[in-house]
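Only one chain is given next, in structure tokens, and it is the form predicted alone.
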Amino acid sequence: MKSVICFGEALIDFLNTGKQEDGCLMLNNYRQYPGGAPANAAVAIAKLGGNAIFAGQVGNDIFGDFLNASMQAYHVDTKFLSRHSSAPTALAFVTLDQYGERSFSFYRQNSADVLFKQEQVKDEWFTQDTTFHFCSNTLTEPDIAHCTEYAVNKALDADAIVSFDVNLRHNLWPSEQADIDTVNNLVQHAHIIKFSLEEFNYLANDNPDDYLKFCLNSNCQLLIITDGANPIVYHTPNFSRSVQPPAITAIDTTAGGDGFIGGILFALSQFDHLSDVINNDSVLKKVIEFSAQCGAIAVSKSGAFPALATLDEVLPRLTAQQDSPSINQVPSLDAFLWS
């Protein structure tokens, strides 16, 4: 099984859990959850039984302590987690609407994660048996963007697989809009790319067909576009397909995309070569179906780390997808992929 290094921000999600009246005031209640898209992806992989390593930086504060302990509790290897001596751990305050959709307020100015330095990227991170995964929140400022590009190039030099979950948060960028050129510079480096449909259209700059060709004519071997409850569309250099995600009542969508990409990376880590999956239409479809179940489980619960799926939760759901009534239970992911 390949290891997966998830690089970027680990932060605290303060999730709004309701309101209470106090005198003439109506006060919001918040619960502290560990979060950050790359950290969520690492936990998603680890909870499924994969080899997940987190690389990034938190503050030398109570929130950094909490994040380190939380990732370790879910068996994520934090040997590449740094602690900044003075910069604080990043915070995000999350409110939910009636459909479980999120709104974010970030406290990330000069926080520890964006002060991660290029010299902190180590050669030992990368081997040909490693997948390097990152998101766009380490592209929002020039220094951390250059550091991310340096790490990606180190991964490519080591023949590692590079995975990019675009995961745009426009309000983290100085202009309140993600810089298309900066993001697409990293898009063309990655072997695996996940977009939401909204992100894909934004980065395509009104030319979706040309943009798809741009991606697939670069390094990309697997391009995935999610669209909430609508079909997941995925493309390889040889074919394009879609999978309908399972119907679910969303409670909190915070970790839905991270659970999905974690499922993808966990499933792919079972194979010696990415081409073993990309060139097999049937197996790739099952990888997407498996990952869609992981994402569905995540949005059915509150928070990020606690909501992410375990293999024991996913396998019974895969059983229900099997066409053969003689199949009582999917015994393993491997059995599902090759059935």
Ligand SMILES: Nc1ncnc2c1ncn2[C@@H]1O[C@H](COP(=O)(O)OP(=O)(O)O)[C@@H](O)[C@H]1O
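Since the structure is predicted, the reported quantities are computational estimates derived from the model, not experimental observations. Note that residue numbering follows the sequence shown and begins at 1.
Here the subject shifts to the form predicted together with the ligand, a form of this protein not shown in this document.
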property: In the predicted complex, the one of A158, A229, A73, I180 near the ligand [non-hydrogen atom within 4.5 angstroms]; result: A229
property: G56, G35, G50, G295 - the one with a heavy atom within 4.5 Å of the ligand in the predicted complex; result: G295
property: Interface stretch in the predicted complex with the ligand - options 121-129, 144-152, 84-92, 229-237, non-hydrogen atom within 4.5 Å; result: 229-237
property: Residue contact check: L203 to the ligand in the predicted complex, 4.5 Å heavy atom; result: no
property: Exercise: F266 in contact with the ligand in the predicted complex, heavy atom 4.5 Å; result: no
property: Close approach of I248 to the ligand in the predicted complex, 4.5 Å, heavy atom; result: yes
property: Contact label in the predicted complex: A304 to the ligand, heavy atom within 4.5 Å; result: no
property: Stretch 255-273 - residues with a heavy atom within 4.5 Å of the ligand in the predicted complex; result: G256, G257, F260
